[in-house]
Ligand code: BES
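Just one chain follows, in the form predicted alone, and it is written as structure tokens.
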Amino acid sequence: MNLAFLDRPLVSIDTDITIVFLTDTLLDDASDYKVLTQAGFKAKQDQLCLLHEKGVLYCGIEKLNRDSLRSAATVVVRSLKNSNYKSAKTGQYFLKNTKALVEGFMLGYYSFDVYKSKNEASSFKELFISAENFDAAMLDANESKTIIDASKTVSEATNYVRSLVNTIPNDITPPSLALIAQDLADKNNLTCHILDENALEAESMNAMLAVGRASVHQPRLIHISYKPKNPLHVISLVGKGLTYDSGGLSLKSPTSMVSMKMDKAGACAVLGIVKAVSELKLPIEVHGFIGAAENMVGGNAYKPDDVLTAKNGTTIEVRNTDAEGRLVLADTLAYAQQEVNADFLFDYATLTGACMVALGPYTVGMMGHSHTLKHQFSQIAAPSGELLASLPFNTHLKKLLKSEIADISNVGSKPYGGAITAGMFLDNFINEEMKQKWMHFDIAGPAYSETPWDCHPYGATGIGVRFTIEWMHSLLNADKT
């Protein structure tokens, strides 16, 4: 679908359908009030009413705010995608809500049907957003275009992440994920450096190598970089890239194994963030580090009771081979800090089911030592359209990671606080000078869903791109004040 901004009044744009969003208050003043009320339209959130002869599609919204408009735009565009209409137009609902409107349209239009033998292309191809506000005032054209173009870029990057995560493990293995990163680098004028299994061994990344040892697809470490001239900040992003996770010898149940293609969502989010930053041309140097591995079962698989030596020299007692993501991240975090002296270090991982137990399936769990960073991310959560909540570290849970035979165990000794103990495990691989600059994002809950919600269809959501870009914008705005 082509979404474009036009600096023209709504009436001058020729399309099949005009989209109008109404609250219950706005309904009272609608020109089609009588017809709408006869049809039983009450302007409830996401309620649709199509007046075909007039070429108007009405959609109810609870309030004139971001969340209501994003949800309503999603419902609208899905309805139009299933119709035979070819084009539509809409006005804006205050500039502060325009980003959410674009996200609803673009993220709501997305679908993943690569593996279907028969695909019917949608007739609906064009959507225009006018410079006219819903109250007939003309909004600033330059500001509108800037917001819409940037929102399109971020939405496209989010959809890019969705498609990567949705791609099956037959088609994305650690080596092929490295090729995807190289392709992105070639298209966006980025640099990309790949470490194969021999290079990983030379770097003493033994934890990551152990996780991927039983797979026919050997691990890869990916370092992709966007380096603008005179950057204001340098940020390292680390992503968990388990292209498939069987659980290893601590084998998952059959139902838990389904959808484990999503265990690379952290890595894909890192690629999407780098893509968006480079296309937005933000004055921030960004390094993406991805630990790509496949956790499989075989005669040479790593085992419970093994002791692994990570890149930073920490010895790890393996008590559960299904707690493999943190082992890959341990080495990748150590490598990232070795290679780049960053102002900030963030990692993204579908790390624990415990995070979903704690926060539900829609919220990212954020952890770290810096109260300032946690506060900043809490503030940008609502504008980003993605949900974040803080999980606190504490010394009592840290004791659960104690090992009698190694420096640390890869899982806690009790089945409580699993998301936090996983984050505290990673803390062992953060250098002292980076402790206040690091944040861990457990995206296990919202990364993938088999039930559509908000602007997300079945499957991957692309979580991580929007809230990280929103935080980067807030960082740059703070530079100006």
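Here the structure is a predicted model, which is why all the values come from computation and not from measurement. Start at 1 with the first residue shown and count on from there.
One more form of this protein, predicted in complex with the ligand, exists but is not displayed; see below.
Novice: Thinking of the ligand in the predicted complex, which stretch from 237-245, 125-133, 379-387, 191-199 has heavy atoms inside 4.5 Å of it?
Specialist: Result of the contact check: 237-245.
Novice: Identify, from the list T352, Q92, S278, S155, the residue with a heavy atom within 4.5 Å of the ligand in the predicted complex.
Specialist: So the residue touching the ligand in the predicted complex, by this definition, is T352.
Novice: So which of M260, A214, A342, L139 reaches within 4.5 angstroms of the ligand in the predicted complex, heavy atom to heavy atom?
Specialist: Going through each option in turn, the one that passes is M260.
Novice: With a cut-off of 4.5 Å between heavy atoms, is H369 one of the residues that contacts the ligand in the predicted complex?
Specialist: Although the ligand is absent here, H369 would stay clear of it in the predicted complex, with no heavy atoms inside 4.5 Å.
Novice: Is K252 part of the interface with the ligand in the predicted complex - any heavy atom within 4.5 Å?
Specialist: Taking the distances in the predicted complex, the answer for K252 is yes, it comes within 4.5 Å of the ligand.
Novice: Counting only non-hydrogen atoms and a 4.5 angstroms cut-off, does L69 reach the ligand in the predicted complex?
Specialist: L69: no, not in contact with the ligand in the predicted complex.
Novice: Does I420 reach the ligand in the predicted complex, with heavy atoms at most 4.5 Å apart?
Specialist: No - in the predicted complex, heavy atoms of I420 and the ligand never come within 4.5 Å of each other.
Novice: If you look in the predicted complex, which residues in 407-429 sit within 4.5 Å of the ligand (heavy atoms)?
Specialist: The stretch touches the partner through V411 alone.
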